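Only one chain is shown below, in structure tokens, and it's the form predicted on its own.
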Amino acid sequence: MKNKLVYLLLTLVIVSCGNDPIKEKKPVVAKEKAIAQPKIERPAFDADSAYLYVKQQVDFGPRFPNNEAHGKCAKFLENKLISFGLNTITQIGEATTFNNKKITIKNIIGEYNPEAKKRILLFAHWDSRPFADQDSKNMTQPILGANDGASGVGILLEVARQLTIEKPEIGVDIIFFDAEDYGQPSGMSNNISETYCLGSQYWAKNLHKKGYTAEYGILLDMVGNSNPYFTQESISMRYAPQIIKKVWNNGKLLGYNKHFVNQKTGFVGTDDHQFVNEIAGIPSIDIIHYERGSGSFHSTWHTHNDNMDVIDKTSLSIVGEVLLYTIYQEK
């Protein structure tokens, strides 16, 4: 019995030792697989900071040309760009709205690395809709425009802050266009496109610097709602398909292919990038949310529900990271 017990113990030791090499191989195989799949380093983007910049704009109240909140917010945006060390210009112009109101336009421009010849243009509109024409109540009252306006500006402010930290060699111009959303409500006329985007139309016809140009432009519009879905809209594909490919591929590399989707749509209508393309001649694209259920804009578009409840920090981070990664890849 004693000999049998010794024999069994020796057998267990031998079998156990025979399994050791298999256990040792597992971490080696896993390590080899990890090396074969390089990780894309995410650029630093502070979603809390971007969210705060959105909130600070909304806290002024509705921001449409000629009202008090508009003037205060303009000064806030100027001061933020200056605080980041950007060369800051406020382009002031005059325009007439669809209902014959004379308004003063303020396009706020920040230049990062103004001496660089190779430049990228980033832009968003900073004004908010002066009426809630897509709402079912209080339709003549102005809206806060947290998503439609402030979200893009908030992201670009954080991008500006990060540029001054990372200091890429390329030049970057950030423009906050005014009076994008003072356009004629639908149903009043068939010719409403040029009643929108008054600030970008003015800038494109009166460039802030003689002969100004950029390699390409990227517009942010309605980019702050949860689970964003960015399609390749028709104006972008018509004028700058190569930039769509570049940016959407960067989104995929960063793991955001569920948000930057390979789907072509034609819903966007008139937006600031149209006039940057057609008048200024800078190939530009629009990153804008597409509502799959309705085939239109976000459900809070031009309503009183477009407030801070809509803004999602994760969405701000997704867009901000893709923008910064795109900039940092340029040489």
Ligand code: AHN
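Don't overthink the numbering: it's just position in the shown sequence, from 1. A quick note: this is a predicted structure, and the numbers were derived from the prediction, not measured.
Quick note: we don't show the form predicted in complex with the named molecule, though the next part is all about it.
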* Mark N305 yes when one of its heavy atoms lies within 4.5 Å of a heavy atom of the named molecule in the predicted bound form, and no otherwise. => no
* Indicate whether the named molecule has at least one heavy atom within 4.5 Å of a heavy atom of M222 in the predicted bound form. => yes
* Would you please decide whether D148 lies within 4.5 angstroms of the named molecule in the predicted bound form, comparing each non-hydrogen atom pair? => yes
* Would you please decide whether W248 lies within 4.5 angstroms of the named molecule in the predicted bound form, comparing each non-hydrogen atom pair? => no
* Could you tell me which of 42-50, 277-285, 295-303, 60-68 sits within 4.5 Å of the named molecule in the predicted bound form, going by non-hydrogen atoms? => 295-303
* Asked: If you check in the predicted bound form, do E180, Y196 and T270 all have a non-hydrogen atom within 4.5 Å of the named molecule?
  -> yes
* Structure fact -> Within 125-140, the residues having any heavy atom within 4.5 Å of the named molecule in the predicted bound form are H125
